[in-house]
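In structure tokens, the next block holds one chain alone, the form predicted alone.
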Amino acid sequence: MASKKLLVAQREFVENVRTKTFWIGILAVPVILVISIGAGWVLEQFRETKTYAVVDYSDIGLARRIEQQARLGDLKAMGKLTGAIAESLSDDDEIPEETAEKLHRAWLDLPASEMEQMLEDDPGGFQDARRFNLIRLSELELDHLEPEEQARELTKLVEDDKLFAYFTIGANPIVNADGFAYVSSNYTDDKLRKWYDSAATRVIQSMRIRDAKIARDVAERIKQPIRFKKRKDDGTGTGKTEEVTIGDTANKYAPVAFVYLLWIAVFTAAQMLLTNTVEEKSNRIIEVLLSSCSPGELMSGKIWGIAATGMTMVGSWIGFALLGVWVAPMLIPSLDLPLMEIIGDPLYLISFAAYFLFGYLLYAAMLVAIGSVCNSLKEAQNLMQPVVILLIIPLISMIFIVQEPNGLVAKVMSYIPLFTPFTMMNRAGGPPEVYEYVITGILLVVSVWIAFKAAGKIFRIGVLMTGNPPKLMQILGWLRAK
């Protein structure tokens, strides 16, 4: 008996893995992921420089101060490139106000050709210059007009798409924010507005502090935000703590990626089994196979054969993932995540393999039973809708569970067999108590055994039925039969 199951399983496995479409399907998943992740970065490289102008209603030349503050990153890059400031100066270090003023004047007077050359000489710097470009009113021949008239003319330029946006600065910024406005025909891209907002806030805060005659160091202390640093037990048992790293946080969120991959693997393998069963039944191949083995042997062989196919898929995806996290730091040097440690964590990999197998077997038993009573893929797809709804629940809840891995919802879902594989995998970063792994493991084994017994009874009768699919009460009657 065992040899016949093995032969059926071998046939199912070979039938799938020897086709080109199977390997194309495996390759498609990492390709789609790479495109999804990389598309955003690539598209950013094609983002056009946003041009803007400024109408200043104040009588203190506030626009120039805001522009200087907004361009500090560019001015530092320019200062390092020209030798005006030390190369060792970090991005967080302040530069003297007088030096910043000189650099800003030089920046405004810089010919376009020299600007282009600087951008080429320092591809990593001048980030703001690549994104945003100030068009002075003199360049637009509007500097001789009154501010109200300047604003009207700029509005026309924005409407004609000759200017991305323009800002207006209020007459009395120290007292209130009246007259501050941002005019653009693009209501979705807010990067320019937020960038300029931030610079204007810093400048006006500084002016208000000076006007109130508050000492600079006192003002800085008042403005200093309170941030609680995330720390954790250092694991020595002494009660001491250490700082929580980015890797620690990523490690807790890693189960989300594993659960999503688990969901795809289980759904794909189970769907493959359903399709295979319906096609062989409609083509009468099932009848030929049943002449050589019993319905129980055929069902078990098909399930285990597709399981081996699924494990081949999963193994290939994990291989691609390991390759990706090994190559990623070479392509993106700034990537500071211990990705190899996360994806190669034995806890995750062992949990993934175990929960994939149990999750697949549980859903496979359900779908092979569905496939056995259907005569076409259309019928099978209609009957499969409830199963799809059940499979969506773990996806909806996975972010919530990874944030509360030992909460009430997570614990309750851990003991619902249809959700157990996904929920326990999702909680792996918690991690759950050892006894929970034991209890849920036993629960899954028992559930799979019951599912196989029930599916076997349905498969034995349904696989040879033709015509209209049986009613629900009729199927329940099969389950009660001995």
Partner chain sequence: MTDALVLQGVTKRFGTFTAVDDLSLRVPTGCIYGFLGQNGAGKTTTIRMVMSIFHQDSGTISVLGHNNAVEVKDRLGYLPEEKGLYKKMKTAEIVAYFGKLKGMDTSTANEKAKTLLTQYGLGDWLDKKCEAMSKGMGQKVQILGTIIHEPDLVILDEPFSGLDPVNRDVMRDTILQMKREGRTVIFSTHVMEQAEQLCDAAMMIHKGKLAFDGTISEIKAGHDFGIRIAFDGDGEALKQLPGLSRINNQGRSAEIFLKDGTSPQAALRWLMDHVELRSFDYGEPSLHEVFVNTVETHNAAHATVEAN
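All values reported here derive from a predicted model rather than from experimental measurement. Numbering follows the first chain given and starts at 1.
From this point on, the text means the form predicted in complex with the partner chain, which you will not see here.
In the model of the complex, at least one heavy atom of residue 7 sits within 4.5 Å of a heavy atom of the partner chain. Using a 4.5 angstroms threshold between heavy atoms, residue 464 counts as touching the partner chain in the model of the complex.
Residue contact with the partner chain in the model of the complex: residue 153 places no heavy atom within 4.5 Å of it.
Not displayed here, the partner chain is approached by residue 279 to within 4.5 Å at the level of heavy atoms in the model of the complex. Residues placing heavy atoms within 4.5 Å of the partner chain in the model of the complex fall in a single listed stretch, namely 292 to 300, out of 315 to 323, 267 to 275, 139 to 147, 292 to 300. Among 412, 395, 288, 349, the residue placing a heavy atom within 4.5 Å of the partner chain in the model of the complex is 288.
For the residues 236, 385, 205, 283, the 4.5 Å heavy atom test against the partner chain in the model of the complex is passed only by 283.
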